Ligand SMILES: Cc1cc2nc3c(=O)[nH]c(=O)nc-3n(C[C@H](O)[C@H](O)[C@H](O)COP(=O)(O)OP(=O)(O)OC[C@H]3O[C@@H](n4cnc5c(N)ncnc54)[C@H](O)[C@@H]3O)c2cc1C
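Take a look at this single chain, the form predicted on its own, given in structure tokens.
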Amino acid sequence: MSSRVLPVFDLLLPSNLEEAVGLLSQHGDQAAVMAGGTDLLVGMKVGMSPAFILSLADIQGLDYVAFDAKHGLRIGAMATLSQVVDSKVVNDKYHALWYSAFTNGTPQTRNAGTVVGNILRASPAGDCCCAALAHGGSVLLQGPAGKREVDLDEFWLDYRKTARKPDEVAVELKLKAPEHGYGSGFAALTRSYQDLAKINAAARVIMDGKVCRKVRLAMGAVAPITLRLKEAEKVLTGQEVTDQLLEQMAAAVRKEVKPIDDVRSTAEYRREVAGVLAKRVVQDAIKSVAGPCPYSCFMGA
């Protein structure tokens, strides 16, 4: 992390969501919203300079991780990565998200950083972004006109750009309730442990015996936004999963991704391993249908 001094800014500390929305309506693009601050403060040391920081720290009741069998999982804006890692229901029923949080940064980072903040960061390499997109769900936003939900399939618009308007607060992440035969998996490749992913992938499957009834497959660091691999999903949907079918899916993944060269990897490498990683997370998701694997079995991912 840079040791540069933070730029000058005014700190805003609303006590409720209505006050937060009012302040954002007043200051617009000049204000940045802070939950855990693990990304924002680093960005401010290397060039970001918002005039106002609106902190959610004084707003009560946003640090929840709640599950309902009918409506699914709800994660509040101030719920930390550590809270998700400590949640048995997330590990049992949303294992891809659990593992993406478990491998996210250091313990200190996980104690401060939030899942919703990771979603709002809109990094194409975001681990929680990738896992959440595979699970399927929405982001609940609150603005001057009230609350609205944006499906995750439509939430990331471009590199570091989301559907959240400048006068809206992201209240929670909502993930769909699991169905019978539900399983999920996540994996990431990094240059070194705790580094940002060179490429990551997550899958959610609904199995009927050996037949894949439904699948959602997501991949990060292969496009300007976290990418839903719909053509690869079509290869698996309604089919008995065999090694041959997985190879066909892997080939479809390589055609669908749009990687670039950057400081972490090359486009050629990412395209080559994308199919392998997709195959791995689908296999992990199918295995998890029988029950969640202990995290130790995923440490080589």
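One rule holds for the numbers: they count along the sequence shown, beginning at 1. Because the structure is a prediction, the values reported are computed rather than measured.
Another form exists, predicted in complex with the named molecule; not displayed. Remarks below refer to it.
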>> Taking the named molecule as it sits in the predicted bound form, is residue 65 near enough to touch it, meaning that at least one heavy atom pair lies within 4.5 angstroms?
In response: no
> Heavy atom to heavy atom, is residue 114 within 4.5 Å of the named molecule in the predicted bound form?
Replying inline: yes
> Applying a 4.5 Å heavy atom distance criterion, does residue 57 contact the named molecule in the predicted bound form?
Replying inline: no
> Taking heavy atoms and a 4.5 Å cut-off, does residue 250 contact the named molecule in the predicted bound form?
Replying inline: no
> For the chain seen here without its partner, which of 174 to 182, 90 to 98, 74 to 82, 211 to 219 has a heavy atom within 4.5 Å of the named molecule in the predicted bound form?
Replying inline: 74 to 82
>> Only one of 199, 152, 169, 205 gets a heavy atom within 4.5 Å of the named molecule in the predicted bound form. Which one?
In response: 169
> Of the residues 40, 257, 235, 241, which one places a heavy atom within 4.5 Å of the named molecule in the predicted bound form?
Replying inline: 40
>> Residues 187, 265 and 277 are flagged as a possible site; in the predicted bound form, is every one of them within 4.5 Å of the named molecule by some non-hydrogen atom?
In response: no
